[in-house]
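Below you'll find only one chain, the form predicted alone, shown as structure tokens.
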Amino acid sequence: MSKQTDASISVGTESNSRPCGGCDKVAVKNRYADCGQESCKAFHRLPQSPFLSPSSALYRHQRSAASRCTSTLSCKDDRSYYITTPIFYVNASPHLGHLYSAVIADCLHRYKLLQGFNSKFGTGTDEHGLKIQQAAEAAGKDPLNFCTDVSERFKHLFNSCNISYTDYIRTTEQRHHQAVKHFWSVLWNKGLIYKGSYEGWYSTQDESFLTSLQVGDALDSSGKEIKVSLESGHKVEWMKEENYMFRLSAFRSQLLDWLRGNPRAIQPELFSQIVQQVLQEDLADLSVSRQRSRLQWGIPVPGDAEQTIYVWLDALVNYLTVAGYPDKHDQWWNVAHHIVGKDILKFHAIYWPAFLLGAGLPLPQTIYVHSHWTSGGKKMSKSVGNVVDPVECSQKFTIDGIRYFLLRQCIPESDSDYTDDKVRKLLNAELADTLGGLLNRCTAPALNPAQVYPAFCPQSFPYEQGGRAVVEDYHMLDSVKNLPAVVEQHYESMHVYKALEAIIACVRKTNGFVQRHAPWKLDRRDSEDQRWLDTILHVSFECLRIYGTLLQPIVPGISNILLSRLGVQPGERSLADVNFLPRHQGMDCPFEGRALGSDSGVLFTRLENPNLDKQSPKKTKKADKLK
């Protein structure tokens, strides 16, 4: 694999002394003089263009980002948002990690809609590559039919789990082929793709080219020595063929500048540090095609029927395809955000930004990275038999239940572990008991026989401390009032689990508030007690309204039941409608006196452990014998 210098490539100035086109050395007279280095000689054989410079490409990206803020009175006036999952490879059925990526993106998409944004949400399937070609052959199917079957499984999973995507892209679609060919042509015309020879390691399983430092020794199942990827553990093979190369080596310093100048470009920060560490070393140019004789299932290189475009270049362009590339992408591409797993960080944080800089396009605003799921403390594997079926999970624990667990349990920086018992305990504790218990208790006819949103009494709970409220009650109000801002902060850094921690902590405080004042012990015949009882319920309803609103992106079904029970109409559920406890500040409350919605039963039914149910008869028999 050939290498280029990492230095910025300058297009020259009007002076007689100009940098060489391939490095920082000064050349004289000519617009692109040759400093004599081999890398620069290769550079001068390219068709030249003022867009060839990676540094100028980064400048255009920065200028584009700035224009997003200056084109209107405020950046906040730009109310478009574009979120994507990775498109999922169709060599096998979807697993829990695929659903997790989709649920995170769906959560952020729904949250932006609550904020009043015009949000686009793209997901879909990656259907080209040698791995697909081989899998289809093994299944005895035509590649397209094979891809369609598996792609439909992903679509079924997402639809059944309430994933509200706005565009489901398949890389076998004609619109995508056109976008990829156009993107390739842009890079080719700018001299960033050249015909070369690649010799090195290749992982078919990962569809990834590897250096010698990324490869190690291992034994296969038969005890034979093989070479494997140190990152994934998958087998690699030595490959030598003539194909097309992308000048990735020319973009290293610009990628570093981008990340240093945009510390939130990759979230969480841990993954940004990992990428910057990789970029401390030279980057080799990247092979971006395969010989057609080896790989037929893919998009042909424009103008060369003997070559197929590398599957990762093909797949990454899907984000542009969904945005409307090459003609109508500006609205969405300027506000792009990606959700990716840590195993594909290199492709999204190094290859993809370099491709975009080369094509003169803005870089994604944020790349959100998450870690993996294990099962019972072990990596999921068919051979081990611990692969978790997400469809089965959603049926066993409900759609909202599995969504809540995935978002509540997973910490993006580290792998998370799945067991049925963990799901059951978490959902019973937080959805059934803590949140569901609060709603059921406060809406019960025994406490609220009129079934209305009760009145608030400012004398019982004055703005300043006094009345019948205590110090802990005011602390609770402060926590709930600040909750929307806390949740937003955690969403922006993809720490959804922290947002849920904050919400459930407030729910517990509200339960404590109700328990502390025990409204069921108050005497309704006493007018002062009745006013205090109504105030307790009013405050509790207001807290529940906030919780229901903020939980909509995570558990849309449960949130709908909760808000409907409180009598909150669909048009009153955005973040602009939050306005917590206005009566406490001397303002009117639009819900006060309104009839509650119908009682549809418990908010979340407690989940029983089937294993305990099976064991209980055995215990009974043993007890009978002891008698």
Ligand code: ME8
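Sequential numbering from 1, following the sequence displayed. This one's a predicted model, so the numbers in the text were calculated from it and none came from an experiment.
Note that the form predicted in complex with the named molecule isn't included here; everything after this is about it.
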Problem - Stretch from 93 to 101, 392 to 400, 533 to 541, 359 to 367 whose residues place a heavy atom within 4.5 Å of the named molecule in the predicted complex - result: 93 to 101
Practice task
Note which of V555, V288, A315, L255 lies within 4.5 Å of the named molecule in the predicted complex, where distance is taken over heavy atoms; exactly one does.
Solution key: A315
Handout entry: The single option of S203, N243, S371, Q267 touching the named molecule in the predicted complex, heavy atom within 4.5 Å
Key = S371
Practice task
Examine Y310 and determine whether its closest non-hydrogen atom to the named molecule in the predicted complex is within 4.5 angstroms.
Solution key: no
Handout entry: 4.5 Å heavy atom contact, D126 and the named molecule in the predicted complex
Key = yes
Problem - Proximity of Y351 to the named molecule in the predicted complex, heavy atoms at 4.5 Å - result: no
Practice task
Please check if L551 has a heavy atom lying within 4.5 Å of any heavy atom of the named molecule in the predicted complex.
Solution key: no
Handout entry: Residues of stretch 80 to 98 in contact with the named molecule in the predicted complex (4.5 Å, non-hydrogen atom)
Key = P86, I87, F88, Y89, H95, G97, H98
